[in-house]
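A single chain, nothing else alongside it, follows as structure tokens in the form predicted alone.
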Amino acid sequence: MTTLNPNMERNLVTAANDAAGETQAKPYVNPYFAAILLGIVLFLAFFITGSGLGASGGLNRILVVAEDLIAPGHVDNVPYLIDMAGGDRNPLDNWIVFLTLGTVIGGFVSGWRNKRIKVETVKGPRITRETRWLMAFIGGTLMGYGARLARGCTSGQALSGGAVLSVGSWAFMFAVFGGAYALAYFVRRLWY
């Protein structure tokens, strides 16, 4: 009686999938190595541009473009929005917009090169796809609102601010983790 080595079995499945035209996604990079690369990118961002990394600021400016098209008078009267789009100012004329676009393009290229691009909804077994999308929309809206209140998201506040030992950024991180643990009990059924 012969037994099949697990590695041989995996190779046979891979070969069969390749023969059938299916592609295998490449494994993710080691998380510790990725963290080192992220630290180098963050350092270079501070060194070259004088600013850290961020994401919600770029998305916010893209939303302000739409807001300025719909209600320019409102934008010209709200102090928070005047700095971005008041008068003749173009809200897209800012480094963080290009960083955001570069992040999206870089993520797409990485997914394409590593064969991870596909349309799917990641969800727990107890909820429908529609519920998952609704909860993602609600969560994303709350996250975006909270990021504006905190003047940054996890990348701008926690990553960039934490790297320069900003007290407010560390308070933000503890608030994020504390809030997540406090709410996890109530939303756990969405995943299990």
Partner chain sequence: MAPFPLNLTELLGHWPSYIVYLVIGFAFGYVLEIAGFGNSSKLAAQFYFKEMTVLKVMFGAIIVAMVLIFGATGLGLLDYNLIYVNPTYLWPGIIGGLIMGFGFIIGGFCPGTSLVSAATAKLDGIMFVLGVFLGIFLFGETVGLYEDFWYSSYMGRFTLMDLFNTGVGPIVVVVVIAAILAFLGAEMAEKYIGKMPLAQFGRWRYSAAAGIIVLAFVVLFIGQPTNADKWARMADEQETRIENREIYIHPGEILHLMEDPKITVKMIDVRSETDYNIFHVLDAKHIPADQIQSYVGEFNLEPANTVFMLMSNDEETATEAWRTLIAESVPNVYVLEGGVNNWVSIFSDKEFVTSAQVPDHAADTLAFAFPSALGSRSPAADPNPDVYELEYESKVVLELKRGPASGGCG
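Since the model is a prediction, treat every value here as computed from it, not as a measurement. Numbering follows the first chain given and starts at 1.
Quick note: we don't show the form predicted in complex with its partner chain, though the next part is all about it.
Q: Applying a 4.5 Å heavy atom distance criterion, does residue 88 contact its partner chain in the predicted bound form?
A: Because no heavy atom of residue 88 falls inside 4.5 Å of its partner chain in the predicted bound form, the answer is no.
Q: Does the 4.5 Å heavy atom contact test between residue 29 and its partner chain in the predicted bound form come out positive?
A: Result yes; residue 29 sits at the interface with its partner chain in the predicted bound form.
Q: Given that the partner is absent here, does residue 128 sit within 4.5 Å of its partner chain in the predicted bound form, heavy atoms only?
A: Flag for residue 128 set to no.
Q: Given that the partner is absent here, does residue 164 sit within 4.5 Å of its partner chain in the predicted bound form, heavy atoms only?
A: Residue 164 belongs to the contact set for its partner chain.
Q: Does any residue in 31 to 58 get within 4.5 Å of its partner chain in the predicted bound form, counting heavy atoms only, and if so which ones?
A: Result: 31, 32, 33, 34, 35, 36, 37, 38, 39, 40, 41, 42, 43, 45, 46, 47, 48, 49, 50, 51, 53, 54, 55, 56, 57.
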